[in-house]
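The chain below stands alone and is given as structure tokens, in the form predicted alone.
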Amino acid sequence: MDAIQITLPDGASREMPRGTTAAQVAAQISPRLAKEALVARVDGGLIDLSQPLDRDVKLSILTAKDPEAVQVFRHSAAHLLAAAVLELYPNVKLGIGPPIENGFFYEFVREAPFTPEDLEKIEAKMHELASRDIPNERKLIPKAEALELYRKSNQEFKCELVEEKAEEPMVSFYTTGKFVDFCRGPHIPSTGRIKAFKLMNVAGAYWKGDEKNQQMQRIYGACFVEQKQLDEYLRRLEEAKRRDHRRVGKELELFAVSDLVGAGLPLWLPKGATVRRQLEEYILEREREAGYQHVYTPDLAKVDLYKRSGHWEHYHEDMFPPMELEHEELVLRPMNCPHHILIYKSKRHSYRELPVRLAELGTMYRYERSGVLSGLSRVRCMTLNDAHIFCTPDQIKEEFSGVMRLVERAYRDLGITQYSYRLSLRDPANTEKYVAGDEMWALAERVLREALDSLGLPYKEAPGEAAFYGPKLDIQLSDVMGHEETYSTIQIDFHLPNQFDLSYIGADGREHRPVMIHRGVISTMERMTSYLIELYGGAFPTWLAPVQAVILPITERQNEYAATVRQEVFSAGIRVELDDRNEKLQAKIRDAQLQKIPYMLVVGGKEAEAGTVSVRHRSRGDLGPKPMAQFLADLRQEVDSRALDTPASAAK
């Protein structure tokens, strides 16, 4: 018998006939594995379960527990979508259909736009094709034959792909019913496993992402191996929509956008400005405690400054164009570090003064493309909680630890619990993105690793995510959908001190080069506010809430007493409003609830006579009557302590 050796992940080896498939191996291992198998890995590469094995191999059978297999599953779902669309609309032209996070998409050219009703029909057809358990079959055909196949069916985009990507002499194709696709695969064996999916929306897209090319319609779908996973995803999606900071920001009158101002340039309304001001005051207080000195620097500078720093060479595509003024070129700054460097350089420093910690709520401008702009989370004008620490090499670890303590204190006070650490490193092969200096990079990366390890922080490494001048620790926050974004960052920089010839006088009386640490603790005011809006769904902790209490007189006869109460609450430093509209009490309470105001102080005849207020909390309901002095003392304590979930008087 012509046999081959198949080595499994546990090290066991099986002798099988040449031509055995991975599906047959799975069946020998266990019926359950054969049922759950999606794809196989052979010597590091993925293959179809039905592909014959013709040599000794290391073989792994992958199931839904393997992320790679799930992406193959979603790729097969994209093929199922294309097959369904071709059944219903035979004249469409096909683009590409890859798997994506949580699902898939496929691109089509069709004269009429796809409507929601069309998506319902397509989804029903997908279920029909899935129920028929149609095989996903791989075929190899000559390139010329492949081109002729697509020319006959007027699939010009597929012809283009075959011309560009197909390697002679044979081309890999997959068929799913009537759908034939130029695809290297692999795919799951058949359509029968694909049950938990939902078509989500249609979006415009340009062929190959180039706006000079044909515009296509891209149908997006969500897809999971199990229905319960899809149900949970759709539930979280609804929750994300409910918390979307753009919707909540509009409802709560936090910020607005105007075409007359421009995309990515939000207007802070009074209530949103109040939230932002509380964040600013909070972080300034924390930084003063940690020994930072606060500075102010201009929002623009000569282009020469950024040429010297290297930003112009490595970052100019993300900067706004220069402005010519009296024979000088000025540019809106994309970051604050060059300005802070010049403040440090404005005087001589002794080693006894170091570390020097300079901080600023610095406004910056970045040319974000219109397609990525979103509310407060992606903007073109932003104010960063920025700081730069100038220290000796021996002080790096201590300063790094101090920044980490500041970050974790801020997250705790803001109620942020879902975050992770990413060590962002350079890609040595990318000489255009990163400044040269292997020794400098190696030292900076080693110092960062040692500092992280000494703190016992778990982190993952991300090559290619470093700043152009040095590695950094990025602290990633997760939203309700599990998507991660960088909010806090700590960067070790040996490069810019060299660029600007920075120095300090050491104990030996000689000049030495300081190390620079760039750090942002609570990100930009725009991005952090957007995150907190979604974290709390607009129901901010009392200390952050734009309006902390509202006075609700039951009838007009209590308006005078209500005004007195309002003044007393205001004098206690509480942000308070008076709702003296000629409306029923329940309507006033409902409106206060919709505005997510923490405390509603109801005043009627009894309260006016006793000098009390009847306290309601937005989430805990009726807290009963309270003497004004007691309520204000409790509320003041809640605000001053920046409590997250301890409504005043709730336990009394």
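Numbering starts at 1 and follows the sequence shown. Computed from a predicted model, the values in this text were never measured in an experiment.
Another form, the form predicted together with a small molecule, is not on view; read the next lines as being about it.
- A single residue from the set 408, 568, 244, 368 has any heavy atom within 4.5 angstroms of the small molecule in the model of the complex; that residue is 368.
- Note on the partner interface in the model of the complex: the residue among 79, 333, 495, 388 having a heavy atom within 4.5 angstroms of the small molecule is 388.
- Listed stretches are 154-162, 130-138, 467-475, 302-310; the contact stretch with the small molecule in the model of the complex is 467-475, by a heavy atom cutoff of 4.5 Å.
- Interface membership of residue 378, defined by any non-hydrogen atom within 4.5 Å of the small molecule in the model of the complex, is confirmed.
- Residue 252 falls outside the set of residues with a heavy atom inside 4.5 Å of the small molecule in the model of the complex.
- In the model of the complex, none of the heavy atoms of residue 200 sits within 4.5 Å of a heavy atom of the small molecule.
- Taking the partner from the other structure, the small molecule in the model of the complex has a heavy atom within 4.5 Å of a heavy atom of residue 520.
- With respect to the small molecule in the model of the complex, the three residues 486, 489 and 524 uniformly fall within 4.5 angstroms at the level of their nearest heavy atom.
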